[in-house]
Ligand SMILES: Cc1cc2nc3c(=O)[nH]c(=O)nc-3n(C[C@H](O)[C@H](O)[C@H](O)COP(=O)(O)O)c2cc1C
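As structure tokens, one chain now follows by itself in the form predicted on its own.
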């Protein structure tokens, strides 16, 4: 059975269209159906060993978003965008994480846990190595950024704006959102640009020359 894919020209057009929106139109909201698709994009993002060591916190409460804005240097995207997603990585990995993943695989694929013994051992080993090596938080946070990228690109293909943001006090985010075993690492404001008032909207996109970034060997 064949599949229909997005036209190549549409991909480039969409990526050129998107930018880091500075001013959102607070009156425009992303529909429930479109938001569901964006959540699917985040869920379907790849992660190392498929362990998905993160959470996506969709902040809907206006009061909470105002509090987050106050520790985000007053950036209006936090409150004016239709949706706000906080990407929080898991601070550690344990054998329990490996067990849950194997249980999930066995359930979804209808296979026995015994047949997944080697995979479980590999996941446990990699997790222990990351914890003992002191880089588990770096590893987990990188996985969260992959999901952020999936959200941004999918939104662009749908004609929806998404602004990735790192300008915030992560510790205060953790406190406000009650995060304990997870930590905020990035934010995405999602909605529709206020093109008439956003100074950045009419400016052409600037990127380095391909020859400065892409190396063929």
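Residue numbers count along the first chain shown, from 1. Note that the structure is a prediction, hence the values are computed from the model and not measured.
This protein has a second form, the form predicted in complex with the named molecule, left out of what is shown; the following refers to that one.
Screening 72-80, 107-115, 93-101, 130-138 for residues having heavy atoms within 4.5 Å of the named molecule in the predicted complex returns a single hit, 72-80.
Annotated contacts: 18, 163 and 167 all touch the named molecule in the predicted complex [non-hydrogen atom within 4.5 angstroms]. Proximity of residue 205 to the named molecule in the predicted complex: non-hydrogen atoms within 4.5 Å are present.
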